[in-house]
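Let's start with one chain on its own, the form predicted alone, as structure tokens.
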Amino acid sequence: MTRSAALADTHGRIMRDLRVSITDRCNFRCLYCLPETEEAANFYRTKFDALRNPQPATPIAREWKPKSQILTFEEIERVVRVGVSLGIEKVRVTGGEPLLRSGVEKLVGKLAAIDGITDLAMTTNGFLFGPKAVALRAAGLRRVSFSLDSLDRDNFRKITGRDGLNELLAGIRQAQELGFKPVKVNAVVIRGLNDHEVESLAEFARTENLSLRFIEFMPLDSSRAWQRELVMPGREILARLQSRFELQPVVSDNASETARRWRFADGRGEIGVIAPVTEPFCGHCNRLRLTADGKIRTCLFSLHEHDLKPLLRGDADDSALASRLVEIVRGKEAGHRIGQPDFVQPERTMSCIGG
């Protein structure tokens, strides 16, 4: 088995991208993930009444995993190193909120030292980025993506459950100053909540020379309140942006890229649209996810997880771990079932899966 084909599934896809969640905890309560605030409850209640839908199902029980069940940095490094030996090239550190994990810069340093990783990045809500930014850069982090769903302070607080817009904007500016490149910003668009800010968010990306990704609202919230009617389709987002801005398509040589991208005509910044609900890209998915408690997920919407802790904490050597990863990948799903009659929302929310 060659390195290039080691992590191949039965659908002809080869895994190159590993998302590594290092904590299931988060200091935000985003309406599309952990909608535990009164404002979130009121928003969904209003929307369900307006759509004449039944009230949401019983929320998914959320319990933070005890420290003993969370992988150590050494265990994470081992999984990543073995994954890279099988062809993984891109690694993204996620959470929960990864900057809540004490000593995260030490883990970044361990991962940056693994030969074969061509892209080491992190996704964060940015609230704690400032104090850690210099250390993360020095440790070897090269790219960072921030979650920014609103530029309006009140709406930001409504969406995230936290008054943290100023800290986030400061973090974005600091990342640019420190040479992280590209600095990406992700915005989940929910109809009736922040869809009126699509143009202003795009203008922000152009003005600040950022890469902005608009993401369709997905069914990964703990309240199970997701409704298709609240999804603003990627085509609609793009149409509105094209009516406002002169956009030029960006042709990518990466067949597994999830975003369709456009640059602004003046050359400052770009926007992308990620449409997993209305335009699934499962056919060229090359991602695996490692949860904070050591489970491999072959799809964001997997209903089954594969626990690596017995191997990591037993007497299995790297060869056994590699064989298990190869076996897991061979069972990767053909795609998710969002919108299909048999769709079942996974038990874990985005916070516990890793984005």
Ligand code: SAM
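Position 1 is the first residue in the sequence shown; the rest follow in order. Just so you know, these numbers come straight off a predicted model, no measurement behind them.
Omitted here: the form predicted together with the ligand. The next part is about that form.
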item	value
Exercise: residue 217 in contact with the ligand in the model of the complex, heavy atom 4.5 Å	yes
Heavy atom of residue 211 within 4.5 Å of the ligand in the model of the complex	no
The ligand contact in the model of the complex: residue 171, any heavy atom under 4.5 Å	no
Close approach of residue 97 to the ligand in the model of the complex, 4.5 Å, heavy atom	yes
Partner-contacting position among 70, 33, 311, 329 - heavy atom within 4.5 Å of the ligand in the model of the complex	33
Which of 124-132, 176-184, 193-201, 253-261 sits within 4.5 Å of the ligand in the model of the complex, heavy atom basis	124-132
Members of 147-173 lying within 4.5 angstroms of the ligand, judged by heavy atom, in the model of the complex	147
